[in-house]
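What follows is a single chain, given as structure tokens, in the form predicted alone.
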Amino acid sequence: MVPALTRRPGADGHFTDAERAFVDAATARIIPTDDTGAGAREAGVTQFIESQLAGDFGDAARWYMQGPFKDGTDEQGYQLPLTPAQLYSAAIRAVDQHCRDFFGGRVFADLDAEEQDEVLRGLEAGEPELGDVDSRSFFKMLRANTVEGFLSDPMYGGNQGFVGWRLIGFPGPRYDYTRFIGRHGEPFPLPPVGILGRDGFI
């Protein structure tokens, strides 16, 4: 479920330059641009994530964050004492330091695509150790936020140009589909629209 919009799309200033470069590079590997269509970068996923982290989602405003914090099972969901905004900042610093140590002083955003994929696969598997930050929890959140930014309504700041919806053939929340009911297997002939209209923004 996409977090509630708490800051106008396009709001910036939450990420440092290094954080923005990391998120832009990482999301572009999670949903790359390829022969099937545009990817996370074209969809504005970094902007979506930055806007969400600058609001209530980033502050965990609606989450119970009083502890106790113990290792939980995957079914129990997020179990860390860090808010999402804190998790992103701490994890990015740790991952960039790991990259400096193992890739000749280069940070994640400066690695080539294969090296970035290697790092992301490691995070997904729980490696490397990132001090107080759980790498699997960070990757899980980053991947989920990337998908949300790629497929959410453009009013939230991602899915710019409806590139995510065009990729999967989703026409958006049109007010009336009655003349298309029962026409199975036919491509929908109209362009996508968002909640706020054809361009997705006010």
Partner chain sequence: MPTKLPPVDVLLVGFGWTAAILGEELAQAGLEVLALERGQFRDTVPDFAMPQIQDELRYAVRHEMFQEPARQTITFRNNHAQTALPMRRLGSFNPGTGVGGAGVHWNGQHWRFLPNDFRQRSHVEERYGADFIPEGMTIQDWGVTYEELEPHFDRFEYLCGTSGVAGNLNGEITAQGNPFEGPRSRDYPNPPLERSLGTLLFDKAAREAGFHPFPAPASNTSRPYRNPLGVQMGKCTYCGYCEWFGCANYSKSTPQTTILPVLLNRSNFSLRTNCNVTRIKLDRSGKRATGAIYVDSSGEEHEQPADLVILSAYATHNVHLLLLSGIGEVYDPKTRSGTLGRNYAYQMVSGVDVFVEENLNPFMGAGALGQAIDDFNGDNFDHGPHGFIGGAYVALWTTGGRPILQHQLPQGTPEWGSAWKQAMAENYLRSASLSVHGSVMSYNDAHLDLDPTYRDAYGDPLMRLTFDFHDNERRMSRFVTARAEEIARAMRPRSYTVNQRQGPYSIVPYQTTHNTGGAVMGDDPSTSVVNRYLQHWDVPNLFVMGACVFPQNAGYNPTGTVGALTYWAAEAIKTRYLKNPGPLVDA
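No experiment lies behind these values; they were computed from the predicted model shown. Positions refer to the first chain, counted from 1. Rigid core (definition): largest C-alpha set, two forms, superposition within 1.5 Å.
A second form of this protein, the form predicted in complex with its partner chain, is not displayed here; the remarks below concern that form.
For R174, a non-hydrogen atom is located within 4.5 Å of its partner chain in the predicted complex, even though that partner is not displayed. Although the partner is absent here, R121 sits close enough that one of its heavy atoms falls within 4.5 Å of its partner chain in the predicted complex. Taking the partner from elsewhere, S152 is found to have a heavy atom lying within 4.5 Å of its partner chain in the predicted complex. Shown alone here, N145 lies within 4.5 Å of its partner chain in the predicted complex, counting heavy atoms only. For the three residues A94, F102 and S135, a heavy atom within 4.5 Å of its partner chain turns up in the predicted complex in no case. Heavy atoms closer than or equal to 4.5 Å to its partner chain in the predicted complex belong, across 172-191, to the residues P173, R174, Y175, D176, Y177, T178, F180, I181, G182, H184, G185, E186, P187, F188, ordered by sequence position. D112 is not among the residues whose C-alpha shifts by 2 Å or more between the shown form and the other one once the rigid core is aligned; its shift stays under 2 Å. In the core-superposed comparison between the shown form and the other one, the C-alpha atom of R174 has shifted by at least 2 angstroms. Superposition of the core reveals a Cα shift of 2 Å or more for D71 between the shown form and the other one.
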